[in-house]
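One chain follows as structure tokens, the form predicted alone.
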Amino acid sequence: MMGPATDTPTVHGKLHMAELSTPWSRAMGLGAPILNAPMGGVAGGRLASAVSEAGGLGMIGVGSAGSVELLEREVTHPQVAGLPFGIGLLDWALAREPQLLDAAIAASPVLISVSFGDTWRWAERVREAGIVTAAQVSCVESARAAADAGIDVLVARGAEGGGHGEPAVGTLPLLEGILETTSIPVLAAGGISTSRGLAAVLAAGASGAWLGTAFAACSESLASDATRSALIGAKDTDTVMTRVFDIALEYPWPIKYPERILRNEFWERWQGQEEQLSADPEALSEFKASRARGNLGTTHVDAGQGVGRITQVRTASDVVSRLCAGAVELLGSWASNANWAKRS
């Protein structure tokens, strides 16, 4: 399946990005080969609507603390606006709350992504509903298994990405390996936050880009103002991989999926002492109280290694427009240089 269950794909959004497209984005009826990552607690209905209105595909994330109620509330934003959208779910969370998949299918998105697991039993139901299936993968072996299971589009999630993920392979070598292994569409994810990064992965053969950190700081995201400030003030060397916050928040993330965050006081105190933290009820109680007060020293901020390129709060429309315009210019320049080199 290459696109949504419609006879004739239509380009959505105020910004017509026909000059930057791929066969997959055109088949999906998109104006730009850009999706926002379905970041739990950040990628809600307003952000998804704004990304879709700008020509990309807005994704709504149902993260660690997600619920059917949250999903049903957030999908109303793009539904009321008549915009296409996607939904991102967690494989291990579906095992705990299977009705999440029922709710996601009932919302009639054009794409459902279920990631962070090794099985794809959910895919058949999603395809039967006429919805495109997607899954994040972190190595060539997982990509091959997902493709064999009938997944429609793969998300090559490199180690540079923010939030949870298996930090196995960097984005570019992962993308290269998967493209050489399978013929189905592949979206690149991890560390892409500028038009240069977008142009690079498209030139390498990606069908689109899946960006998280670049959209987390947008005015339409669910992130707090303090989180946006932290993202804008961060350097590319400020991210770390850790399980400290999953332990402190008692989130049942599988061990092989640590979280890339901005380093902070709580991480500095407990990194390398995860077992002691899990066995210290006083520390956990103090953490939760401090977090409730909004103390950034105990609040984890997911961020990929491209965070150093995020310098101000922008609208999602502005982000999509800048990404596309810059990528078009770069790709055109590279093509001209290549032609010149050939004539030489």
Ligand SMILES: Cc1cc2nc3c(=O)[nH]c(=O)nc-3n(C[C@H](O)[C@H](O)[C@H](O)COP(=O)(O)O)c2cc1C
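From a predicted model like this one, the values you see are computed outputs, not experimental measurements. Throughout, we count residues from 1 along the sequence that is shown.
Another form exists, predicted together with the ligand; not displayed. Remarks below refer to it.
Checking A32, M28, V42, V51 against the ligand in the predicted bound form, a heavy atom within 4.5 Å turns up for just one residue: V42. Proximity of G304 to the ligand in the predicted bound form falls within the 4.5 Å heavy atom cutoff. Using a 4.5 angstroms limit between non-hydrogen atoms, E220 is distant from the ligand in the predicted bound form. The ligand in the predicted bound form is not approached by F85, whose heavy atoms all lie more than 4.5 angstroms from it. For L57, no non-hydrogen atom is located within 4.5 Å of the ligand in the predicted bound form, even though that partner is not displayed. Contact with the ligand in the predicted bound form, judged as any non-hydrogen atom within 4.5 angstroms, is confined among 118-126, 68-76, 243-251, 163-171 to 163-171. If you take 180-208 and check each residue for a heavy atom within 4.5 Å of the ligand in the predicted bound form, you get A189, G190, G191, I192, in sequence order.
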